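As a starting point, one isolated chain is supplied in structure tokens, in the form predicted alone.
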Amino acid sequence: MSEATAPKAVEAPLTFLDDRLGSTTFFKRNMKKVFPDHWSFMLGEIALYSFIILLLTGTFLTLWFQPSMTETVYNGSYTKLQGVKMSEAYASTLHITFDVRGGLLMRQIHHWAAILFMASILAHMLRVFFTGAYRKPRELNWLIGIGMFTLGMLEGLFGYSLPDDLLSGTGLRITQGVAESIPVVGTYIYMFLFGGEFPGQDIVPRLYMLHILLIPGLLLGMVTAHMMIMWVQKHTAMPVKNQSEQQVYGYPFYPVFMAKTGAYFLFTFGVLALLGAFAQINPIWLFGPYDPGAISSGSQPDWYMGVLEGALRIMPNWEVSAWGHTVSFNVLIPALVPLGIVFGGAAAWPFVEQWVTGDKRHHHVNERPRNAPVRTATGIAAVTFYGLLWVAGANDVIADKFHVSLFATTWFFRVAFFLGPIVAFIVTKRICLGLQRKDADVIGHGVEAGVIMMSPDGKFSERHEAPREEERHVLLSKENTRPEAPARDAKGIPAPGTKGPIGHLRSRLNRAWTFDDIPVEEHPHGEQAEIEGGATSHEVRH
């Protein structure tokens, strides 16, 4: 807690709330709560602000949108489509775009906010993963984050399916195929969503209800739970001077953090307003109403659905038919397996890491990515896996722009799908270990001062100096590998957790996790003392 006190204009309303809600001094006390300061901590807040803007602009759009598949004839302002038969959903979207004052701007801000919402959640989750901020006691918040990203994908898919234009209709056709590919229950899921033959009359009203009521409600609940847990557990901090596992070093909620967060909200809104005003997105009037017999070239889904698109495109055409039933692995596997690996693996990772390392302590200070090579390499492998599938979703565009065969790009991604993550893991781990050696060298030998000295015998050497106190604190924040507990005690009795195949597996994984760790530590009576005494690199003993 900060020692600063809020001015009377702020403290009086908080006292009013505390007195009437029976919260003693909860509000007043938490105005002094200290938050660590780092630019990356604002990534999650950008997601929160985007969500607020989504709710506001979405409310505006619901005033005019008609979630109906009833056929009508368009007679609005867009002359190129006048007299064309279309659904009321598509006609009302054209009405919002061309006839409602500010409608196109609101539509575009809404769509850009959805894209920024998903991008900032992903960036926030990557920051949390690579710094180990998900470790105990924050596993629940990590799972909530994964759930929010998954729900965000569904919310986005349902949202851009509502206008019933050619692009969204094509996406719904893929959704229908994915639902029907699921063995046993697929047909029931398909009928529940569409209510009959594709596209039917029910799909848009049902998606609309899910898009504006159920999923936003779930997301709002998750955001609230996320914030409450974060408030109680405190925010994690970067390893800086004065920061420790027991003490939070940063700025108070009032006035510094409130001023910063207010500025970030305005900044986020400003960027989205500029994008909505000047960067066209999803021009449905160019695509036309959905027609099952029409296709478009070069069309792409929003970026967060690109991974599914890529998986579908590179999957071989595998189908199995037996006893009158067909299982379409060419749709089922790409729809479930890649995202299952990424999100299932991400959800299990905190518990797997805890089990392998045996580290069940509370952690409030983040780790530098280089200090956890296996975690960082695994994360980069997952990013490579995801990124390759995402790029594969545009293989037709790549083939067209670079004048290469479409089949060649497909086969390239099929091979890269397996080799890319492995190569990424190996290269990333070697880079992390190299950076650890560099840190150990700086602590052991000091930093290069840029001063060249000549010895009496004519040899040249560069003078090394001790690192700055702040840099030294960051480098020494690395926790060196703790020795694994002996598998047997002095009497030869196996330790708990080491018995059986599971125990052997855990022991081997633990050794793989730590065997090449580079210690970064001071040498109190050795080289460090000589550096601080002014010795040159040539004179320092090795």
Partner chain sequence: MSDDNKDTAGRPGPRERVIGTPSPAREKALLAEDDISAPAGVGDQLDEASAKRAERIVATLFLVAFAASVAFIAYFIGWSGRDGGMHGVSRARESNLWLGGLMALSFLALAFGVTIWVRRLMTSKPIVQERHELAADEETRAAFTEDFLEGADDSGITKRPLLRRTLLLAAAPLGLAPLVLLRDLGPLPEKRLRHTYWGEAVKKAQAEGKKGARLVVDGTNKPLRVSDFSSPGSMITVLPEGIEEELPEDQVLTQNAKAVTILINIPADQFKPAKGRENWHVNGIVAYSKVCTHVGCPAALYEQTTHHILCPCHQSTFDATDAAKVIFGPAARSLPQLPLSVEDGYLIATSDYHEPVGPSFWERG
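Positions refer to the first chain, counted from 1. The structure displayed is predicted, hence computed values, not measured ones.
The same protein also has a form predicted in complex with the partner chain, omitted here; what follows describes it.
At 4.5 angstroms, heavy atoms only, are Lys85, Asp99 and Val178 all close to the partner chain in the model of the complex? Judged in the model of the complex, Lys85, Asp99 and Val178 all sit within 4.5 Å of the partner chain.
Applying a 4.5 Å heavy atom distance criterion, does Glu309 contact the partner chain in the model of the complex? Flag for Glu309 set to yes.
Quick one: is Gly458 in contact with the partner chain in the model of the complex, heavy atoms, 4.5 Å cut-off? Gly458 lies outside the contact set for the partner chain.
Would Gln436 count as touching the partner chain in the model of the complex under a 4.5 Å heavy atom rule? Because no heavy atom of Gln436 falls inside 4.5 Å of the partner chain in the model of the complex, the answer is no.
Although the partner isn't part of this model, could you tell me whether Asn141 comes within 4.5 Å of the partner chain in the model of the complex, counting any heavy atom of the residue? Taking the distances in the model of the complex, the answer for Asn141 is no, it never comes within 4.5 Å of the partner chain.
Have a look at Asn75, Thr150, Gln354, Asn242 for me and say which one sits with a heavy atom within 4.5 Å of the partner chain in the model of the complex. When the partner chain is considered in the model of the complex, the option within 4.5 Å is Asn242.
Only one of Ala123, Met228, Ile452, Leu214 has a non-hydrogen atom within 4.5 angstroms of the partner chain in the model of the complex; which is it? After the contact test, the surviving option is Met228.
Region of this chain that lies against the partner chain in the model of the complex, out of 278 to 286, 421 to 429, 338 to 346, 141 to 149 [heavy atom, 4.5 Å]: That would be stretch 278 to 286.
Looking at the partner chain in the model of the complex, which residues in 109 to 131 have at least one heavy atom within 4.5 Å of it? The one in contact is Ile109.
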